[in-house]
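Next up: the same protein chain in two forms, each one alone, written as structure tokens (structure 1, then structure 2).
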Structure 1
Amino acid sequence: MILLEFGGTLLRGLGITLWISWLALLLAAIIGMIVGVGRTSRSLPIRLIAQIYTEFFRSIPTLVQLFLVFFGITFVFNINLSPFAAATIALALEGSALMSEVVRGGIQSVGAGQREAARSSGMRAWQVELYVVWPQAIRVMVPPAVGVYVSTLKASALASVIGYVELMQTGLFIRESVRGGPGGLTVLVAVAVLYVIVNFTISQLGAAIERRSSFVH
């Protein structure tokens, strides 16, 4: 059976997909945190820069970003990026724009009255942020942050267009090797099922974290 023959290859492709999407999400979380905080800054220039960054990278299709990073950086800076590096950067840029909205929404979900009450009790500004704002904001951020990761993982399938071999490209290679037909369809269905299993698992983990966070607090 074709899945017995190529199952290990598909699982390796899945591992590569998980690796690049996790790495991209880590970078996206760091950049998105900075940009998201900038979106809530009292400084108008900082807010404008953060908003422009968010709208720019959120509006460009993933496929276009992949080409811009892979070919654009090579052309402008004369740096030969590997498909892995280019895909990671492109996915991180898009993910960071989405994460910045998650962070902004989480911070703004904490009412101004709670900040004022904390300040009036003698807490300093950094203490208000650390002990009052962020614990509540993180609970709000968890569900949409999970959604960003699922979106990033699915978008990683497009990395094949610049030569990066992940799960989708692995499935296409196997399909070509068996010359399409029922076997090729079986491989594509298996790829789809693997995406469903992983994304469903991630969604359930995110829901569990959210429930636990709500219970603790």
Structure 2
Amino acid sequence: MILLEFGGTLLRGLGITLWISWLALLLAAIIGMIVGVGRTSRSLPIRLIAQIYTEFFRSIPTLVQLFLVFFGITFVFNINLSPFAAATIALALEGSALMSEVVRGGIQSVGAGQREAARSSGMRAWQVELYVVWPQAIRVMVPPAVGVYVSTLKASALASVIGYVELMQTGLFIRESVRGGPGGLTVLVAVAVLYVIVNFTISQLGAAIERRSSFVH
């Protein structure tokens, strides 16, 4: 059986997929936090810039961003990015746009009355955010942030296109090595099953968090 022979290799590919998407998510969360806060800013220029950022990255396909980072940066700045670095950056940019929406949604889910009550008790602007708004907003953000992780994980398969060897590319290599044999398709199915199992598990986790964290109001 082809899976007995290559199972370990596939699992190693899965490990790399999990790692790169986790790293990209982390970067995405940091950038997305800044942009998301910008989107709720009271200053119109900041709000606009943040919105343009979000719209821009959400309107450019991940694959195009990947090409831009991998090939474009090479020629523009004359630096050679590894497929790993390029994929991480592209996935992080894409994810940050999604994250900024999550953060904005979380902040805006906290009712105006909460801010008002906090302000009327004499809290400073940062205290209102830190003690009243964010503790509530975070709970709203976690489930959709899990969704961003799943979509980053799925998008990471595109890294195979620029030759980064994660789960997808591992599968393609194995398929290549058994050229002609029916095992090739089995391997692709196995790759698909691995993605589905991992993403399904993560999604269910997100749903469980959502059920637990919603306020009864």
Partner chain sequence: MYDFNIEAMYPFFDKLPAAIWTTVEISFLATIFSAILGIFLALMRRSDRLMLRAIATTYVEIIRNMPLLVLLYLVFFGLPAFGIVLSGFLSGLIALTLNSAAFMTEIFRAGLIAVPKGQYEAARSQGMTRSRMYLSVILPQILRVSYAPLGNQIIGVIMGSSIMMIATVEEVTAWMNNTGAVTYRYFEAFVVVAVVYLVLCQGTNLLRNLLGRLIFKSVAAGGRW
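Being a predicted model, the structure only gives us computed values, none of them experimental. Rigid core: the largest C-alpha set superposing within 1.5 Å between the two forms. Start at 1 and count along the sequence of structure 1; that gives the residue numbers used here.
Only structure 1 matches the form predicted on its own. A movement of the C-alpha atom of L23 falling short of 2 angstroms is seen between the two structures when the two forms are aligned on their rigid core. Once you line up the core between the two structures, the Cα of L11 stays within less than 2 Å of where it was.
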